[in-house]
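In structure tokens, the next block holds one chain alone, the form predicted alone.
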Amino acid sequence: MTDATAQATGHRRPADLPDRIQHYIDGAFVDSVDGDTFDVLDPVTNETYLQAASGKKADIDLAVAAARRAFTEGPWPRMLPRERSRVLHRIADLVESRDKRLAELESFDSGLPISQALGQARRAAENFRFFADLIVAQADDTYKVPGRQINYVNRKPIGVAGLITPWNTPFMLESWKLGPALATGNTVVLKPAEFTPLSASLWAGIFEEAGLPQGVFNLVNGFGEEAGDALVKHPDVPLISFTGESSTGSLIFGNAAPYLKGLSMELGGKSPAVVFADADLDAAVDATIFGVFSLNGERCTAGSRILVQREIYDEFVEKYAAQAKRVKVGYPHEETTEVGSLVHPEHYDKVMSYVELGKTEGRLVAGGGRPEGFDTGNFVAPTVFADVSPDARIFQEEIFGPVVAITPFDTDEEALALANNTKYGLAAYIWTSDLKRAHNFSQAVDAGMVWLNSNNVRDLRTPFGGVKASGLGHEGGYRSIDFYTDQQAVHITLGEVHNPTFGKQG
């Protein structure tokens, strides 16, 4: 970003930004084997602000080899859970101590509002702290047959975990995979999103300072079709954890199939927020505004389809549109900003194409273009379409931006049919004061996660994942421990051996 651009826009560039980012393999920062790089753009100006090493198969091979050596020869998988826990707690301490710098870089790199980026940095620390505690407190099953047999479950780390992460809240979502993968004794190769590699580059220094052994953590930057594809197809990577688009998840599923890899995939969403006539209307408006416009709308669990019972529909739309118009769009570094800049011009073009499409599929009641005063960069005004038909593309397809569709319904049955009328099934939000309806509806809706009279508040002990096109498998709490470990059943005879005898001479 030039000084002139910064002065013209009021945009702030963090101090001491690097001008290039390398891979981190076997304890060292290295360039790509072929020397290739790619541009990383500032999402406010769309100017290149650094070059990142562009990984290919050769770089993935080196990273996997290092991780494999660290797994087979190094101390990490053989350390006691308490010893690994101490390292993870030191990682959490370091992340917490650097939260403001992490948030500053994340906000600059991704366009997230600084206040929300700060919250994500602190959540990253909490993710490590949670799994550091969980592996020490973890207990496994034992089954006894008194006097005859005892059977127990032995958990073992699996090997090299391939972690492929997205560009929305990248640092936090990296921690969500790194925490349990490392806690359970695996080694890792991380392939972060190419749009947002800046914060991922900080993990190496944090891990070194915390005492993580050499080779346990490796990072290769690059594009999904090159670095990501090589990681998925590598025969020495038995696990792939992926967060991203459903179409990419399908490709990974197919490419991993010949190797019978373990897969955990959290994919796209088009989550419904269902507001019944007996709901607390003001609370529902607040929550659904936050649910689709926080994190710039770039969140997989966004309640981007709002279904409203007809008795309160007009009032809800009026209140919602008025409040959406008051959502503060601003530069990512400003404390008062509620919606910042979308991550990349490619994504901006995609979102704006849906905004234009929505003008033919619904009634525009807020937004619909660039916010006033932001003539450049990837800024989109919070946009609200009402009276959207269930067969509209803006009702069916994931937009992943600050765009919401509102649709009326009459009965509980119609609401459920509308809620389930997409290929996705990640999250759902239900607003009602009827306790029986709340439970019956939540259990019938096609969603991996449901929030009743609440916005998206996570409990790290609970499973995270979706159904249908929204994912495969679950992580979170013990589900993460399950995914990153092999469960081995061990059977011990305590008394006389009770074998059928074959071939005994009479």
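Everything numeric here is computed off the predicted structure, so don't read it as measured data. From 1 onward, residues are counted along the sequence shown.
One more form of this protein, predicted in complex with ligand NAD, exists but is not displayed; see below.
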> With the partner removed from view, which of 360-368, 244-252, 110-118, 138-146 is the stretch that lies within 4.5 Å of ligand NAD in the predicted bound form, judged by heavy atom distances?
Replying inline: 244-252
> Do residue 165 and ligand NAD come within 4.5 Å of each other in the predicted bound form, heavy atoms counted?
Replying inline: yes
> With the cut-off set at 4.5 Å between non-hydrogen atoms, does residue 185 touch ligand NAD in the predicted bound form?
Replying inline: no
>> Considering non-hydrogen atoms and a 4.5 Å limit, does ligand NAD approach residue 266 in the predicted bound form?
In response: yes
>> Is residue 441 part of the interface with ligand NAD in the predicted bound form - any heavy atom within 4.5 Å?
In response: no
> Does the trio 179, 450 and 482 actually contact ligand NAD in the predicted bound form, every residue with a heavy atom within 4.5 Å?
Replying inline: no
>> Only one of 228, 291, 170, 332 gets a heavy atom within 4.5 Å of ligand NAD in the predicted bound form. Which one?
In response: 228
> Looking at 324, 426, 92, 273, which is the one with a non-hydrogen atom within 4.5 Å of ligand NAD in the predicted bound form?
Replying inline: 426
> If you look in the predicted bound form, which residues in 380-415 sit within 4.5 Å of ligand NAD (heavy atoms)?
Replying inline: 398, 400
